[in-house]
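In structure tokens, one chain follows: the form predicted alone.
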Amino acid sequence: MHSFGYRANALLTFAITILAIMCAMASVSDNFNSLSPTSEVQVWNINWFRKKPDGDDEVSLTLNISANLESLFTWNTKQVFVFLAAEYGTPKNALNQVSLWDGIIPSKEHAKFSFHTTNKYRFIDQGSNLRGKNFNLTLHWHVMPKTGKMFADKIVMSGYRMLEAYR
């Protein structure tokens, strides 16, 4: 006969193997979901656009952010991290990204939102490159699952232009 320790070891190994298989199946099942998030961002006002004493451009925006990210939530989603970034190019850097707002969406009930806000973080360009510059507002998200691999995606909204002169 087998000892108690041997039987406990066999049972524990079997249980962990089954748990690992279930976690792998859960992770793979998320790949079959069709994602259809939507977003719209309006720049309501440029509160100020100035050149700082050190020569950097600084902008304050009033934004209307609305999004429907409910399709990102499945039974395996723990939370979603979302942030809005301004993206533009300069002669020195092909892509500059400045985070304007971020948030954590804890559940599907909070995944459809619309609000009016100023940028949460300072929009500063290191240099005088923002005057008359075209830029995109991009809503990025990172889905954090309960088990499996985290994934990220984004929606790019183009057609925004900075003022030609400081104010």
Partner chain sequence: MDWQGQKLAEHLMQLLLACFAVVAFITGYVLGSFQMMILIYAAGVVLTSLLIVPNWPFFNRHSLNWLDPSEAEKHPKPHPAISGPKKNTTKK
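Numbering follows the first chain given and starts at 1. Here the structure is a predicted model, which is why all the values come from computation and not from measurement.
Although it is not shown, the form predicted together with its partner chain is what the next lines describe.
- prompt: Looking at 79, 76, 71, 96, which is the one with a non-hydrogen atom within 4.5 Å of its partner chain in the predicted complex?
  reply: Selected residue: 76.
query: Of 29, 36, 126, 118, which one comes within 4.5 Å of its partner chain in the predicted complex, counting heavy atoms only?
result: The residue from 29, 36, 126, 118 that makes the contact is 29.
field: Contact test in the predicted complex: residue 8 vs its partner chain, heavy atoms, 4.5 Å
entry: Flag for residue 8 set to yes.
message: Can you work out whether residue 161 and its partner chain are in contact in the predicted complex, taking contact to mean some heavy atom pair no more than 4.5 Å apart?
response: Outside the cut-off, so no.
- prompt: With the partner left out of view, is residue 150 within 4.5 angstroms of its partner chain in the predicted complex by any non-hydrogen atom?
  reply: Answer no; every heavy atom of residue 150 is more than 4.5 Å from its partner chain in the predicted complex.
query: Are any of the heavy atoms in residue 25 no more than 4.5 Å from a heavy atom of its partner chain in the predicted complex?
result: Yes - in the predicted complex, heavy atoms of residue 25 and its partner chain come within 4.5 Å of each other.
query: Hey, with its partner chain in the predicted complex, do 44, 154 and 156 all fall inside the 4.5 Å heavy atom range?
result: No: none of 44, 154 and 156 comes within 4.5 Å of its partner chain in the predicted complex.
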